[in-house]
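One chain is shown next in structure tokens, namely the form predicted alone.
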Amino acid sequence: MSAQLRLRRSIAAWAPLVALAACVVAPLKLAKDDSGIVLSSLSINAPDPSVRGPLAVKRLYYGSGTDKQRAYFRDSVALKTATVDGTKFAGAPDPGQASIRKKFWGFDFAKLPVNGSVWYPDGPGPYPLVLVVHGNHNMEEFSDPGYGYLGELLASRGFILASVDENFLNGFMRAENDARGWMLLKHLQAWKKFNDSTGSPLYGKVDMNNIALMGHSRGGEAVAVAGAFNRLTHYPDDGNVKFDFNFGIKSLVAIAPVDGQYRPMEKGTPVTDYNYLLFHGSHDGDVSTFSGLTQYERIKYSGKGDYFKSAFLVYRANHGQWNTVWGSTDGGPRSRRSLDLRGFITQEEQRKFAEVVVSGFLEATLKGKQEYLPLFRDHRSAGRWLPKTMYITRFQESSFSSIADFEDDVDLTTGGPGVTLSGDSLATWKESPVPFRNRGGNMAHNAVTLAWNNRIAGDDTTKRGRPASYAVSLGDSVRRTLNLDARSSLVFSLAPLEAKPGPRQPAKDTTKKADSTAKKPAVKKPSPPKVKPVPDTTPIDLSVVATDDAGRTARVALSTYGPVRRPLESYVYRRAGRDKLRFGNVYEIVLQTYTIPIADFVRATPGFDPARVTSVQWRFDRTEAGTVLLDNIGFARMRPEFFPSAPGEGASR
């Protein structure tokens, strides 16, 4: 027998075992759950927004009246709408797909229907209007019915919700998210007619000055596109297409969105002066990174009006359970073989979260019920309403003034104008992009990495140096601009990482003089054995220290203002090792936003002058060693409604 033949037989014999090993199912691994403590309180003085309201709910459909696939958009439309020409915004990827799609739907991109399912209150109104749009899915498995649970809830509480049909943009489509956003605005044009027409069952019932757009997956990007298009006069990709929308859209909700599928002029979609709510599941098997955070960073505020943005990473939530049609199997039934479904919160729990935050957000931003605002600054204030899992949250209010966002230059010692940055005894101090979990991707914005170890290397393992620290110092001009007082708040975002640097080297003794005449024999020390680094799991805490121009310092513990969690490991795939191979990281780094009322520093040190703050320091004195990312440092004149009690009294602590 030849050597080559023996090798082939050997490979053949081992192949089944190799294949079996490759398919080994990893044991279920979840991060330690602290929700029993973190979510143990409720300090918001308002009813649970996920509980049905007192209003009876009515239903109707609107559309072309000629739908080939669904009888309710053909035979049951209460309001007939004209088709729209979407050929400037989308088209079939190839002639074969064009033929398949026209045969299935009965129309092409020149005659797109304006179809919607409506849940509305049985009352005179006018009521705020909410449009929700699905994302990409099998076009033959219609996605728009999947938000009926939100329709029933919101209509009972005095909102009109329309689930928009864009299934004809689903399937084998690419670069069509501008079409999805544009279609939402065409629906609003139809709604204006519904509200203005005396024969309409919706006549006078719609508050067209209080509108929210909500989208899931590609629909989550579409609402940002619609928000941008709503205020533009021309289509960015073709100046011959004029826009004249300017609807009263106040709020945008993005559920597990993609980002960057539509990039006008190769730029991320710019969105200004909207309230913005974003949430994403840690175990999302479709949009596997928290890509909506890049859009979150691009939401800007002009200083005109009161707005805010808030983001939630929901641990153990997936992509599809926000939609009752999509369910647990992100990617369809076949994905059961590849995705790990064991660790999910239940479908009921995941949708309960959506009901709480979506309803609370709309009550606050469309109806002015400001008692729900604390939920978005600090989710612990609504702990008893939320499903028992873990959340990492971001928040920014429109009065926020940044003093350091690490985007401007390559000088580590400068922040915004008049702001100086400094570090003391740090093992690592660098600015770099915040990475996504997927290999090589990043969130298109920077943060500063700070690592420390307060232990002094040597035989004496109890020896410690001065705690490492990082500080921002404010010049006179920036202090005058900020105009700080006891109603202001310090705001920043921070995330601990798993890296732990080694002990710092002892300081050199410069008092001893070297003896140039004495020669000491060289002693070769054995190299220490190589040890595989073990991820650090020690709980992280630190002090935040403010100093005024009289030298008075005030100190608070970071953990008072929210959980200080390391990244939450999330394994999307069943196969052992596949997450690490596919993504590079088994977690997403999401920075938690902390809001510290300046009044708390005054309370900690009587006599501290909030109007004359000269520096803020992150002092690493509560954990011996660790690494953190720090970003978006600034101050805000927080509306008192964001605090469920007087700032600093502990109601939301």
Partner chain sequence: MRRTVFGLLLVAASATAATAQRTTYAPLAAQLPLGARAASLGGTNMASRDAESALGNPALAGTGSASAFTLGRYHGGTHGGVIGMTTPVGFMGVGVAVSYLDYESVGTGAPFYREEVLVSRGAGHGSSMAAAFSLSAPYKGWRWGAAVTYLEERLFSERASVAALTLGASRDNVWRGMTLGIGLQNVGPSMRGSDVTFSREATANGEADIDLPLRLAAGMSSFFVPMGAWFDLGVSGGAAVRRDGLVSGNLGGELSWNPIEGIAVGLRTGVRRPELSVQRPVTAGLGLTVDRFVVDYAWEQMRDGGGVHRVGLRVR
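For clarity, every value in this text was computed on a predicted model and none was experimentally measured. Positions refer to the first chain, counted from 1.
One more form of this protein, predicted together with the partner chain, exists but is not displayed; see below.
| said: To verify the annotation, which of these, Q370, S399, S402, S338, has a non-hydrogen atom within 4.5 Å of the partner chain in the predicted complex? | reply: Comparing distances to the partner chain in the predicted complex, the residue within 4.5 Å is S338.
| task | Quick one: from R174, K580, R334, K80, grab the residue that has a heavy atom within 4.5 Å of the partner chain in the predicted complex. | result | Among R174, K580, R334, K80, a heavy atom within 4.5 Å of the partner chain in the predicted complex occurs only for R334.
| Heavy atom to heavy atom, is Y573 within 4.5 Å of the partner chain in the predicted complex? | Judged by the heavy-atom cut-off of 4.5 Å, Y573 is in contact with the partner chain in the predicted complex.
| query | Among 439-447, 353-361, 196-204, 326-334, which stretch sits within 4.5 Å of the partner chain in the predicted complex, heavy atoms only? | reply | Among the candidates, contact is made by 326-334.
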